[in-house]
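Single chain ahead, written as structure tokens, the form predicted alone.
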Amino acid sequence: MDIQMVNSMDFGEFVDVLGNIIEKCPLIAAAIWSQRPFTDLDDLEKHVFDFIEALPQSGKEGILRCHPDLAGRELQQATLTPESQREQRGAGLSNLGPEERRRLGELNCEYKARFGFPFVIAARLSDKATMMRELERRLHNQPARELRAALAEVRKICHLRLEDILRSPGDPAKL
């Protein structure tokens, strides 16, 4: 799919196709649909990120709360969004040993208790050992700094998901 196809979508199709570029937040796709036409991927991303940046802190935290725990119940029960399932499995989170699963569960709980939202990281750009270290490190951030760090990860995830959508079917990176 190219940007011209994205620009030609009606509202429903646009939200169906782009509704999960920000995890479980189709409202964002709905909000930017009227801002078409987008010139390219960067322009589309800019509109998404401008929308998020304009939200009050509670809205930004709400976006983060839409994300699943790493290797959490949703992965175990196969109820993640298809994108999150692919991302978490690709990072090795579906192959954790019992001790890794226990430790990650503890860290996830500690993180949510401290910040009020799940730990967010672009799993496709990492592996399970790196994610565990990053979770341990970011637990020590001040809340405002962690909000910024988590939203930066949301932007990375969004970028990767948009690249997936806008990549042509014959592109080897899509295979």
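From 1 onward, residues are counted along the sequence shown. No experiment lies behind these values; they were computed from the predicted model shown.
The same protein also exists as the form predicted in complex with another copy of the chain; that form is not shown, yet it is the one meant from here on.
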Query raised in the report: Quick one: of 27, 41, 122, 149, which gets a non-hydrogen atom within 4.5 angstroms of another copy of the chain in the model of the complex?
Result: 27
Query raised in the report: Looking at the partner-bound form in the model of the complex, is residue 164 within 4.5 Å of another copy of the chain by any heavy atom?
Result: no
Query - 4.5 Å heavy atom contact, residue 61 to another copy of the chain in the model of the complex - result: yes
Query raised in the report: residue 143 near another copy of the chain in the model of the complex, any heavy atom under 4.5 Å?
Result: no
Requested in this report: Determine whether any heavy atom of residue 135 comes within 4.5 Å of a heavy atom of another copy of the chain in the model of the complex, and answer yes or no.
Outcome: no
Query raised in the report: Within 4.5 Å of another copy of the chain in the model of the complex: all of 2, 17 and 49, by heavy atom?
Result: no
